[in-house]
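Let's start with one chain on its own, the form predicted alone, as C-alpha cells.
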C-alpha cells in the first residue's frame, strides 16, 4: 500500500541551519524528503534557516551547498530566511492586527529591565493530526501557554518563520526528525491562525548509535558528521545507499540501490516507527562494494583528493595497480595511510631484505633456492613483453612450481619481488612491476644467494 497523495503537486523541503557541518541524521532527512518529492514528480526545496545571526556562519552555508551537490540531491529552489525579513514582518503585523498575537513586556535582567516580545494568543484547544509515520497524534495546547513567535517585528523565531515559509512555498509534506513532534502543535495553531492549509507531517525516527542512544556529536564525536566521512574518502553513492536503509526498507532483501532505483520505490509507509541504528560496519560494506565498481581512473581521482600521497604519479602510470591496492580497503583513507606508512614502497623502489627471508619454511638450501630462481628467470624471459600479465605469468610458472613444490618456488619469487613476508602473489607483482623490473629483482635475489 502506497502513501496516498492528493491532486496538489507534492512539495517537500530540507531546512538546515548553517551552524555546523551536516549531521548524518540531517543527511537522511534531506534524502527522504528528496526521494519522496521525486517519487511523486514533485518539487524539492532547499531552505537555509539562518535567522540565528550569532551561530550562523558563511562557511557552513557554503558547506550545505557543497554537501547537497556532492550527495547528488538536486533542489528546484533555494531560499535563505535571512533574506525574507519583510515577509515575516507582514505576517507578524497581520496576526497582531487580528488579535491573534500581542506585544508582551518581559523581565530580562535582575535589575528589572524589561523588553518586548511578540506572543501568539493561544486558543487553548486540542490539536490532532495524522502523521504518515507515527499515526494519529493528539496534543492539548493549553500547556504551551501564549508562546513567543518573535523577539520584535523584525526578529521572528523558528516557530513563526517555518510556518510562514511552508505556507509561502506551498509545502505539502513536512518530513523532519521526530524531535520536532513537540513543535508541531504550535505550528498547526499558527497555520490555522493565518488561514493557511496545514501540510501533512512525517516525523522520522531518530538515528541511533549502536548503544541505542541518540547519535550526537557531544557523545559520539566526529562520526556523526558527514564531513568526517568525506575526509576519509567515502563515496557519496555509498552514503546515499547506506542512509536510505536506516529506518526504511524496500520490503525485500535487496540492499544495493542506485539513487534512481530509490526514487522509484521510496514510500514513507515503509519507514519504521522505532529508532534506527547507525552501523559503520554496514557503511564500510557498502563503500567497499562501490569502490570495486570504480574504474582505475576513478580510483586514482578519489585517492588524489586526499592530498599529499607518496608515489602518486607512479601509481597513475601503473596499469591495474589501484585495482590491486583497493581489493580490501573500506575507504580511500586506508589506502592513503598504507602508502604513507611505506607498505607499498616496494612497488616503486627496489626492496632491501636479508637472505634468510628468501627461504621457504626453513628450507635453508642456498644452491637449490638459487637454482629455482634461475629457472624462474629463464621461464619469464621467454614470456612476450606484450602479454606479460598475471594470467600468462601464472600459466608459464605453474608447471615448474608444481614440480618443485609451490611454496619452494613461489615464496622465494615473491620475496625477491617485494622483500616482504606479506604481499600480493608473485604473478600479480610481476605484472605490476613489468617484465624488465621483475627480471632485475630476480637477478638481485640470485646474486644475494651467490
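Note that the structure is predicted; figures quoted are calculated from it, not measured. Positions refer to the first chain, counted from 1.
Another form exists, predicted in complex with ligand GLU; not displayed. Remarks below refer to it.
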message: Considering non-hydrogen atoms and a 4.5 Å limit, which listed residue (176, 186, 173, 299) is close to ligand GLU in the predicted complex?
response: 176
message: Counting any non-hydrogen atom inside 4.5 Å, which residue from 243, 235, 190, 162 sits next to ligand GLU in the predicted complex?
response: 162
- prompt: Given that the partner is absent here, does residue 158 sit within 4.5 Å of ligand GLU in the predicted complex, heavy atoms only?
  reply: yes
query: Any of the heavy atoms of residue 25 lying within 4.5 Å of ligand GLU in the predicted complex?
result: no
field: Partner contact for residue 16 in the predicted complex: ligand GLU, 4.5 angstroms, heavy atom
entry: yes
query: Heavy atom to heavy atom, is residue 180 within 4.5 Å of ligand GLU in the predicted complex?
result: yes
message: For the stretch 29-66, I need every residue with any heavy atom inside 4.5 Å of ligand GLU in the predicted complex, listed N to C.
response: 49
